[in-house]
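Before any questions on binding or motion, here is one chain by itself as structure tokens, the form predicted on its own.
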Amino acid sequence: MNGTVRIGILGGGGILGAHAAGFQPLADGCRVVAVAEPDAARHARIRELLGPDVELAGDYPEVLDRDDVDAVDILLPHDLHLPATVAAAAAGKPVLVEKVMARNIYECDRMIEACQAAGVSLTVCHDRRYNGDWIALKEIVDSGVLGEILHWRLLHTQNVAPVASGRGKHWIADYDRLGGGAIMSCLTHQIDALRWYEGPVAAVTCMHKTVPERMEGESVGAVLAQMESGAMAELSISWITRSNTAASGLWYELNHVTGTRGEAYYSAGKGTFLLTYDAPAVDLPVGFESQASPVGMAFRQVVSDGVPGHVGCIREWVNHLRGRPADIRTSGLEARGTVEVAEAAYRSVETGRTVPLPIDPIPWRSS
């Protein structure tokens, strides 16, 4: 695309703030011209985030029909990712869709097929792959400084209790709209990062707990994964804790990796840290905070560029749309693999067994 890329956004809910922050620094190369949002109570916030000139539509087909929209950013509930992507592809518009890509791999496949048939690109905003601190951990692992990777631990903690609005049950509380529960909605951050850091998952075992008064899907989940590399991984999510926001509380997200020669971790709000067992003088792939060398065995903080994930992802997507060099790490085909691991985890709960990958696609239960 030549000149300024004109963006249409489908959906004006809470995640719009993170996407708006990604578009704001790119005003010389892109412009959000229209947003589809049927809830008029959100319109003032949309204009506050995107400017007074952005046009508002009551439903997403109105935005897709506009000749002045070159590409679309889909921020709709998960059950609408498939129909909105198919419609966007039919309209000839490249797609960026907020994670999670879809409710299962059957829907992912339909999205990929529609975009391939239309000759438009499909990118998924799995923002952690574009976050500076998460990238630093990736660089540490890829450098080999940790030796053979033995174990991963990836944790996610929040307090998510969807509240019904005047329009009825919140979509996050609805199993069919969300595509399950906390595992599919947000542990997919950790699943996607694990696949990015360590490679393919060979098999998963899962257990989860539902709290019916909060939501239909699970609020707590734990996944044990065997990696094709031979490493083991533990992934867990809790949507019933407030510890991540409490004074002196625990983490929101924690990624910890152990190898034969060292360890490294990322902790939300703190950064990324590295401990090497055998040689403080080892060549390192990334810089360190300018501070005195720690005495004895200690973790050292890794310097990153600090770019938030949504900002980095949207920057690369707009570069791609403009025909400039772009590092797209989360194509639709790549993001499908993350949905597959989450779906396999649900099948493990249903069968009470370990589920090997790959799994066969099946339509969503309400299809």
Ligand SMILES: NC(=O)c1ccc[n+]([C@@H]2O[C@H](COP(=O)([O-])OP(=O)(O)OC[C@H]3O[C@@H](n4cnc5c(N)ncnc54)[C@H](O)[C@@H]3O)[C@@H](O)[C@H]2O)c1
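Numbering starts at 1 and follows the sequence shown. Everything numeric here is computed off the predicted structure, so don't read it as measured data.
Just so you know, the form predicted in complex with the ligand exists too; it's not on screen, but the next bit is about it.
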In terms of non-hydrogen atoms within 4.5 angstroms, which of the given stretches 205-213, 243-251, 109-117, 122-130 touches the ligand in the predicted complex?
-> 122-130
Indicate whether the candidate residues Lys138, Glu198 and Gly306 are all in contact with the ligand in the predicted complex, with contact defined as any heavy atom within 4.5 Å.
-> no
Does any heavy atom of Pro358 come within 4.5 Å of a heavy atom of the ligand in the predicted complex?
-> no
The ligand contact in the predicted complex: Leu75, any heavy atom under 4.5 Å = yes
Is Arg103 a contact residue for the ligand in the predicted complex, using a 4.5 Å heavy atom cut-off?
-> no
Looking at the partner-bound form in the predicted complex, is Glu55 within 4.5 Å of the ligand by any heavy atom?
-> no
Name the residue from Arg336, Arg31, Arg329, His310 that puts a heavy atom within 4.5 Å of the ligand in the predicted complex.
-> His310
Among Ile314, Ala36, Val341, Val302, which has any heavy atom within 4.5 Å of the ligand in the predicted complex?
-> Ala36
Near the ligand in the predicted complex, with a heavy atom at 4.5 Å or closer, the residues from 4-42 are Gly11, Gly12, Gly13, Gly14, Ile15, Ala36, Glu37, Pro38, Asp39, Arg42
